[in-house]
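In the block that follows, a single chain appears as structure tokens, in the form predicted alone.
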């Protein structure tokens, strides 16, 4: 698949983005936004199952992957503006935005702000509010004191089904989380901690699909459903035998549902 890479200067950071597939900005566009502690390669297993003719945009959040880190904490507004800057630089319009976990929070914020960028929205393994301020502060304190590696195995158990978490397949994901910068990880933890999007998200009137993993220990299916239910006319789907990252454990089933949503909404 043809691709180009882009380094986009935005304020105090440089954001890394990649465009796969069709390079024409007029092509049907899908934007993928990643979870905390992962980079744009979170979606690698999904791409081969997507139909031809799409323009696929992915990016690394600040402090993740190849995007530069800035001192924590970050606000969700800052992360939304980062994503907005990438979309504007790449002339993204009328896109289907697929956001997983914190990526889904970013998607909610961007959809409320920029109707011209987000035409349809997929909220995957996410919610309008995730966790509590104490939970996130405890996580930040643990990273600062002991490093991400000190609790990464617990994250893997929450992210994946039991068999996957015990297999060798979990190693790349464990390594990816551990490779995240401390500032980037803590900064994004702070952004999630300070976010409650129930009111703005309830004002959305665009086609919205919620996707949950049957065994997600981070954002359980009921939490995902509670969020998408505030959007009139939204759809909801559970991916069986998957945890917090169904695009990793069940990429074919995940992509099938995305494609169906594209067809339902006239995106393809």
Ligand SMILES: O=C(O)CC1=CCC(=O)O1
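Residue numbers count along the first chain shown, from 1. As the structure is a computational prediction, the values presented were derived from the model and not from experiment.
Omitted here: the form predicted together with this ligand. The next part is about that form.
Peer 1: The chain here is shown without this ligand. Which stretch in 95-103, 168-176, 114-122, 79-87 comes within 4.5 angstroms of it in the predicted bound form, by heavy atom distance?
Peer 2: This holds for exactly one stretch, 95-103.
Peer 1: Going by heavy atom distances of 4.5 angstroms or less, which of 47, 36, 54, 223 would be at the interface with this ligand in the predicted bound form?
Peer 2: Checked against the cut-off, the match is 36.
Peer 1: Pick from 155, 148, 190, 128: which residue has any heavy atom within 4.5 angstroms of this ligand in the predicted bound form?
Peer 2: Contact check passes for 155.
Peer 1: According to a 4.5 angstroms non-hydrogen atom cut-off, is residue 164 in contact with this ligand in the predicted bound form?
Peer 2: Flag for residue 164 set to no.
Peer 1: I'd like to check something about residue 197: if you look in the predicted bound form, is any of its heavy atoms closer than or equal to 4.5 Å to a heavy atom of this ligand?
Peer 2: Flag for residue 197 set to no.
Peer 1: With a 4.5 Å heavy atom cut-off, would you call residue 218 a contact of this ligand in the predicted bound form?
Peer 2: Result yes; residue 218 sits at the interface with this ligand in the predicted bound form.
Peer 1: What residues of 138-159, in sequence order, lie within 4.5 Å of this ligand in the predicted bound form by heavy atom?
Peer 2: Residues within 4.5 Å: 139, 155, 159.
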